[in-house]
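Presented as structure tokens, the chain that follows is alone, the form predicted on its own.
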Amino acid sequence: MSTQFLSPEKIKDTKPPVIGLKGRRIGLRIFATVIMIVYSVVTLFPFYALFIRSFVPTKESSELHLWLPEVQEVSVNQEIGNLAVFYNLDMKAFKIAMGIPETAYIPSRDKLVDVAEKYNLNIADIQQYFEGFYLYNGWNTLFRTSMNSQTFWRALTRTFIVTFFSLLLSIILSIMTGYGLAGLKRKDQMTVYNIYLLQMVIPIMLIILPQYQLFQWIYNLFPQYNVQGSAFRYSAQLIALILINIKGTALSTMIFTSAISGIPKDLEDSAMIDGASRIQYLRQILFPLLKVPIVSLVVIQLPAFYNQFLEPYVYLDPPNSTLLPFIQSAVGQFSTNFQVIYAGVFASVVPLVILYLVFRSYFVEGVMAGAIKG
């Protein structure tokens, strides 16, 4: 039996097998999958962390929780004042549930066990009332109690109203402005266009005071506005907020002026020859051609209008505020219920996510409309 040995020269010339095309494709697919998984986890983790934080009590708000904390019962030695301050305990609802007269005064230093003894209550009934209070206090306070004389649902409704009309009117007026400035062939067009662009370098803090004084002067022309809590006062404040949002901005002017300038003028001339009016041209021809800039503006402006804080905080009365000022009302001077704030922030994000999931095909269609010519 003969044994063959490779010479040093043959061993040196031997190369490892080369990975084939199929192996490289599998490797690339695995690498892409890992990257997408990591990217998805990094993207979704803030939403997950925010959701978990909505169940973390204020006293543990400085700790990092990656899962729901362990359920703890509310001690009967808790003082009423601490429950009211740190957990936004609704004393009226507590009295009704426990059968305590609404006119009864409960000192803030009294403990739950003292209240039970004073009003002949069963300790088990009190513990049952506070069942789940440790984990779900933020959500219960947000949805069931009234903060600042209003509820979460009313604030959310006002936010939807302001956002919808701000977007709708902003798009219409921006298209009209872009149509008037398209081409920038005259000096007056360039002057108006530059005035719009000038807004990019003017901080909002410089104009918010004179702007507020201007609206107050307009409000004072109507005596009904001075009636606190009146429907006219609340409506006027919301209209003022919408007017602030739809005023000409540099971004919308640039988008629609550029888009309309790229549409051939012959198209408008042909429509006019065929007997179309200018309104018909705008509604039936120009608007459908502006799907891409409209979607672009909606994607940019929707979160800005929905998450608006400064203007609603300045112009709206607390009982008439939108979502973010309503959530901010949970911040106290000496204590803050962070559980309510985290729950409110997470709840405010959910409608935007749902809106995107429902209309995602329209967003993609609008964005892709200008990607392929022909």
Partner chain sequence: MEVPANLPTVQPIKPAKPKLSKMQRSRIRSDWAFIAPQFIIFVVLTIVPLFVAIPILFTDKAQFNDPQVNPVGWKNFTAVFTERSVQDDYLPALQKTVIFVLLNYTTIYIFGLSLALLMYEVGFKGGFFTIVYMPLMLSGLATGYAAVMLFAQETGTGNLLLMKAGIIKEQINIYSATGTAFILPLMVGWRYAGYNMAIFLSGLLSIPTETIEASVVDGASYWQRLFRIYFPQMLPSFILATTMCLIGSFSVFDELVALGATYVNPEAKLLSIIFFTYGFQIDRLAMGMTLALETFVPLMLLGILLQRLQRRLQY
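Residue numbers count along the first chain shown, from 1. Since the structure is predicted, the reported quantities are computational estimates derived from the model, not experimental observations. The term rigid core refers to the most C-alpha atoms you can superpose between the two forms while keeping them within 1.5 Å.
One more form of this protein, predicted in complex with the partner chain, exists but is not displayed; see below.
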{"item": "In the model of the complex, Y105 touching the partner chain (heavy atom, 4.5 Å)", "value": "no"}
{"item": "Exercise: V74 in contact with the partner chain in the model of the complex, heavy atom 4.5 Å", "value": "no"}
{"item": "The partner chain contact in the model of the complex: D274, any heavy atom under 4.5 Å", "value": "no"}
{"item": "Residue contact check: L310 to the partner chain in the model of the complex, 4.5 Å heavy atom", "value": "yes"}
{"item": "Answer range among 121 to 129, 86 to 94, 153 to 161, 217 to 225 for contact with the partner chain, defined in the model of the complex as heavy atoms within 4.5 Å", "value": "217 to 225"}
{"item": "S270, K291 and I294 each touching the partner chain in the model of the complex (heavy atom, 4.5 Å)", "value": "no"}
{"item": "Listed residue (G180, G99, G229, G81) with a non-hydrogen atom within 4.5 angstroms of the partner chain in the model of the complex", "value": "G180"}
{"item": "Heavy atom within 4.5 Å of the partner chain in the model of the complex - residue from I263, I285, V113, I207", "value": "I207"}
{"item": "Partner contacts in the model of the complex for 81 to 110 (non-hydrogen atom within 4.5 angstroms of the partner chain)", "value": "none"}
{"item": "Core-aligned C-alpha movement of Q308 between the shown form and the other one reaching 2 Å", "value": "no"}
{"item": "Residue shift check between the shown form and the other one, rigid core fit, D317 Cα at least 2 Å", "value": "no"}
